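Next comes just one chain, in structure tokens: the form predicted alone.
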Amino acid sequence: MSNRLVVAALAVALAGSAFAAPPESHLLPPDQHSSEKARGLARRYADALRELNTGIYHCLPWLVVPNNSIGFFKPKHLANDARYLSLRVYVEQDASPQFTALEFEGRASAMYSRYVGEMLRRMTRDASILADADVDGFTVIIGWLKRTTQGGQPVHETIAVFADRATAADFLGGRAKIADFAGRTVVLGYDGQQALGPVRLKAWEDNFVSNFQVANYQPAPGVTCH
């Protein structure tokens, strides 16, 4: 079990509802967004972003949200002031020989299948976000520890997934399956700090997030996970 999961379990056991609030630092404050459009979106959906942060923190404790990782960011590859609701998470998981043996595209496809659709659903639980013309799309950034067999310094592998609003709406509305959705999104890969450029991934239905439970872990009192 990771250090964070151990801390989370102890927090629930020892302090109960005192640990009910996740760090606000996970969210980029509205006044730190770089355009008035983005600042307006951050203020408009402040409650929804807090709910997203809270749900991940309590109900998916093996996912780590770094500081300033939820907000309305402009994808670098897009022109004008395109604003995507963005979420970055790191996956804390035990090493799997089968996962480690895959090529990067295989590991990235597995992470895409497991987390991207689920995170997108959570990001749009406030349906008005998906309907808002000022929200140009959605970004999901997933990082995980790359295991090396040579004993080298561990680094994180990362995929950054960009879906415009129409593409996201088709997937969330059931008009596109996850495999089709993956083909319509822009996916950029990273090996540590090294940019791998656009990557083409396969994707499939994966219900891991809805079924997995951390042993001996319970959300804080008053928190309902769904």
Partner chain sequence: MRGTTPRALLLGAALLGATGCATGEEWEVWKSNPAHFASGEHLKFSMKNREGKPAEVSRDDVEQARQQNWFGKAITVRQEEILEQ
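Just so it is clear, the model here is predicted, and its values are computed rather than measured. Numbering follows the first chain given and starts at 1.
Just so you know, the form predicted together with the partner chain exists too; it's not on screen, but the next bit is about it.
Contact with the partner chain in the predicted complex, defined as any heavy atom within 4.5 Å, is confined among 177 to 185, 57 to 65, 163 to 171, 40 to 48 to 57 to 65. Shown alone here, R122 lies farther than 4.5 Å from the partner chain in the predicted complex, counting heavy atoms only. The shortest heavy atom separation between V116 and the partner chain in the predicted complex exceeds 4.5 Å. The partner chain in the predicted complex comes within 4.5 Å of no heavy atom belonging to R147. Although the partner is absent here, F99 lies within 4.5 Å of the partner chain in the predicted complex, judged by heavy atoms.
Among the residues E92, D126, D134, E105, the one placing a heavy atom within 4.5 Å of the partner chain in the predicted complex is E92. Within 4.5 angstroms of the partner chain in the predicted complex, the stretch 188 to 225 places a non-hydrogen atom from each of Y190, G192, Q193, F208, F212, V214, A215, N216, Y217, Q218, taken in sequence order.
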